[in-house]
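Quick heads-up: it's one chain on its own, the form predicted alone, in structure tokens.
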Amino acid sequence: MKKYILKRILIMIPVFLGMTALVFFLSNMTPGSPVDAMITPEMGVEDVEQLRHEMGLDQPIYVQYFKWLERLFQGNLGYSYRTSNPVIKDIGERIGPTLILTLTVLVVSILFGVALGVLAACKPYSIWDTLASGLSFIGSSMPGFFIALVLIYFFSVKLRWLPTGGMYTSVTSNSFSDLMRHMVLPTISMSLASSGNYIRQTRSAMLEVMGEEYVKMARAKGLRERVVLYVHALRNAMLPIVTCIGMSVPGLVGGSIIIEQIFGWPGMGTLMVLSVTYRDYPVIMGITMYITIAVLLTNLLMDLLYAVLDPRIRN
């Protein structure tokens, strides 16, 4: 098992370097420069070039990237061009709201999607199967931002039941109940897309497993239907479901950037959009690093779950 874990960790290193290098080069190749936002009417050409030199933007891109890597290994992500604050400080203020939203969406979508998928497989062609197929179709076909706009129109504009955006109503009303009210619409918007895939994958895997001989044998022994479903059938159907969960995490992280922007959620997504607008390269790279590490650790966790569910994978 230790050899298996070490192998997966070693694979993560080139993936991390490749991802950060790709984002760094693409960010620097986009039109515009951070210096453009700092130019004043009093500055001449020499002043602009001096500013570029002080920021290190006059060096080749690959040199800038290796210097960023050197600072990263020293625990220094640099300073924001926009706010002049340490990048760690700016990201630290936003990472909490993003974690709250994404983890909530992940838990809700898994519980809802797997439960409804199991129910649809147990009762094929019933009302539950029709409902599961409909929700799966909606979640898979409609983009999250469109669902978010529809929910805002009905529940915020027309019915006035829920707030249109933000994390709290005001600075003083930062209660848990107020947070929950603001999380309802973003959570539903992001959960529908993810849970649609989980429903479809769970239903398919369960239908395949429930036709196996060991499930029929468990029923023949007189075991309770709940034991047959969750101990014998669902456990053996979890491998493709775990694969689906692992593959949906990058999309969940990418979708959170759009949803946070729509709902004005004060997370890393809104900070990312703001940083791209101002060409704030240090913050862009800092957010990329955190997102890449989060996705890689999630994939490592999925690999460990594979090994637990199917010991043959360890070899």
Partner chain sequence: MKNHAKARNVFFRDAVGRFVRHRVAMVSLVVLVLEILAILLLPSIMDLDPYTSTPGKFNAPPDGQFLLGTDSVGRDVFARIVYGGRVSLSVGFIAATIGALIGVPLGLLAGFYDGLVRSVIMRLVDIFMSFPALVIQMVLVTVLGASARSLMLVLGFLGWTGYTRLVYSKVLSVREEVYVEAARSTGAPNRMLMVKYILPNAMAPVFVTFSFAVAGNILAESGLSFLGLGVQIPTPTWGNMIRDAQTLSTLMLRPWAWIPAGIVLVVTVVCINFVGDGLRAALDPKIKI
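Residue numbers count along the first chain shown, from 1. Take the two forms, superpose them, and find the largest set of C-alpha atoms that agree within 1.5 Å; that set is the rigid core. Model, not experiment: these values are computed from the prediction.
Quick note: we don't show the form predicted in complex with its partner chain, though the next part is all about it.
Checklist entry - Which of these stretches, 87-95, 211-219, 234-242, 148-156, has heavy atoms within 4.5 Å of its partner chain in the model of the complex? => result Heavy atoms within 4.5 Å of its partner chain in the model of the complex occur in 148-156.
Checklist entry - Taking the shortest heavy atom distance, is Ile11 within 4.5 Å of its partner chain in the model of the complex? => result Taking the distances in the model of the complex, the answer for Ile11 is yes, it comes within 4.5 Å of its partner chain.
Checklist entry - Val48: heavy atom within 4.5 Å of its partner chain in the model of the complex? => result Contact with its partner chain, no.
Next on the checklist: I'd like to know if Val283 sits close to its partner chain in the model of the complex, meaning any non-hydrogen atom pair within 4.5 angstroms.
Outcome noted: Answer no; every heavy atom of Val283 is more than 4.5 Å from its partner chain in the model of the complex.
Next on the checklist: Please determine whether Ser140 contacts its partner chain in the model of the complex, using a 4.5 Å cut-off between heavy atoms.
Outcome noted: Taking the distances in the model of the complex, the answer for Ser140 is yes, it comes within 4.5 Å of its partner chain.
Checklist entry - Just one of Tyr125, Phe73, Phe176, Trp161 has a heavy atom within 4.5 Å of its partner chain in the model of the complex. Which one? => result Among Tyr125, Phe73, Phe176, Trp161, a heavy atom within 4.5 Å of its partner chain in the model of the complex occurs only for Tyr125.
Checklist entry - Is it the case that Leu22, Met29 and Ile258 all touch its partner chain in the model of the complex, with a non-hydrogen atom of each within 4.5 angstroms? => result Verified in the model of the complex; spot residues all in contact, yes.
Item to check | Residues of stretch 271-301 in contact with its partner chain in the model of the complex (4.5 Å, non-hydrogen atom) | outcome: Heavy-atom contacts within 4.5 Å come from Met272, Val273, Val276, Arg279, Ile284, Thr288, Ile291, Thr292, Val295, Asn299.
Next on the checklist: At a 2 Å cut-off on C-alpha positions, does Trp161 qualify as shifted between this form and the one not shown after fitting the rigid core?
Outcome noted: Comparing the forms between this form and the one not shown, which are aligned on their rigid core, Trp161 does not shift its C-alpha by 2 Å or more.
Checklist entry - Would you say Pro124 moves between this form and the one not shown, meaning its CA shifts by 2 Å or more once the core is fitted? => result Shift of 2 Å or more: yes.
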